[in-house]
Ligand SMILES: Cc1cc2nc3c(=O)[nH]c(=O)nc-3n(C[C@H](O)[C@H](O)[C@H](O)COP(=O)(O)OP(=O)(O)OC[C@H]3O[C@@H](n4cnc5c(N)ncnc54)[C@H](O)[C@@H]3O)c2cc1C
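Shown next as structure tokens: one chain only, the form predicted alone.
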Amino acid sequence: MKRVDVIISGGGMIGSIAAVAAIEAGLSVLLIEANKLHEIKLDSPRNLRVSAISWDNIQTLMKLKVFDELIFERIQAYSHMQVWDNRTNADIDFTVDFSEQACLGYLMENNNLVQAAWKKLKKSDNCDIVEENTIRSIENEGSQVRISLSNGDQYKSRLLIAAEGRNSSVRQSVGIKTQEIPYHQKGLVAYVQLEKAPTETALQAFNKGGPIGILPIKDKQFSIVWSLPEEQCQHWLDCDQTEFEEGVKQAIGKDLGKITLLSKRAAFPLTQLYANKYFENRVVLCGDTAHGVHPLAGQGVNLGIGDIKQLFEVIDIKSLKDDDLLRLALRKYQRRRISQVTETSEMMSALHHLFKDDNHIKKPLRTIGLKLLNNSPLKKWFISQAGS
């Protein structure tokens, strides 16, 4: 049976960043990924899933030397955000304070970030990567975790990090329950070209039924995330290009010139998810395995990176070797992350419910709320939260 300090199940964005953080902390790592990583190159077709990584988390990626491994021609800085409600005159603008930071964040395809982290991992002698495998069984008792993989290999470690996404089999295996609240929406993603959009500016328009986010990628190319009621989404996935472009134009509600669809369309269900706790003995949850939020402010990836930063602030090789020290460290991680995640998730959920319909009470509140926010200290909080 092979032994490492940390096993990480899930080689996506959060799992791979966790693996880099672990090796930077001097720990030996096994990273397990169910799929095979497909290399992307400068001219590869674009991935439909795009994230906006906030400036604070870009600093984390730089510190971990993951940022240097990105394909830079496929990332885009953004320094401004414009948000408006198409049913009132409410709007708000966010602009970076260039005296404090270079931009609000960077937009990038999810697989670009994953590949960058894997490149960093493959340069290390302290990380083994097993692709196209999953954990078949877990023994999570005492001072170590034992696992068996689907290929029959067995490992033991001092900590198992589950970063497998919302449907985590590890989380289910160790008996951690979740609460999941459906928004009865789906997020439709695609790439479009906008003839007259502002540069380095992320846009978001609120409409009855859900917002549309418009994220700058390169030149006049934008990634859209269109939150739609479940019963309407299939229509916009199946309709012809001309009707889809007209629908996007109406959802944006501003004249950004001619809109041209550049890609296929895909959609995913939107739910709010909370794990009841973030660890069980020596198994700890990170990223979407621990929490899921509405994408209207795109906090999923940023909250996940926050998990990794907090986790590796409280654990080290000393705490991993001592049951009591590790329990105290993981309790601190759980307490701090649940507080931060709940604050952000509930704020996003409140905004979702405030803007999704034309209730006669909500409508004036939207106008008042955005105008007050535009002139309040809370605006800085929203700028700092701006992401994905």
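All residue numbers are counted from 1 along the displayed sequence. For clarity, every value in this text was computed on a predicted model and none was experimentally measured.
The form predicted together with the named molecule is left out here; the points below concern that form.
Here is the short version: of 115, 79, 193, 133, the single residue with a heavy atom within 4.5 Å of the named molecule in the predicted bound form is 133. Proximity to the named molecule in the predicted bound form, defined as a heavy atom within 4.5 Å, holds among 169, 232, 250, 154 only for 169. Note that among 22-30, 323-331, 63-71, 46-54, the stretch whose heavy atoms approach the named molecule to within 4.5 Å in the predicted bound form is 46-54. Relative to the named molecule in the predicted bound form, residues 144, 281 and 314 are all farther than 4.5 Å at every heavy atom. Contact check for residue 163: a non-hydrogen atom falls within 4.5 Å of the named molecule in the predicted bound form. Among heavy atoms of residue 185, none comes within 4.5 Å of the named molecule in the predicted bound form.
Under a 4.5 angstroms non-hydrogen atom cutoff, the named molecule in the predicted bound form lacks residue 40 among its neighbouring residues.
In the predicted bound form, no heavy atom of residue 212 sits within 4.5 Å of the named molecule. Looking at 195-213, no residue comes within 4.5 Å of the named molecule in the predicted bound form, counting any heavy atom.
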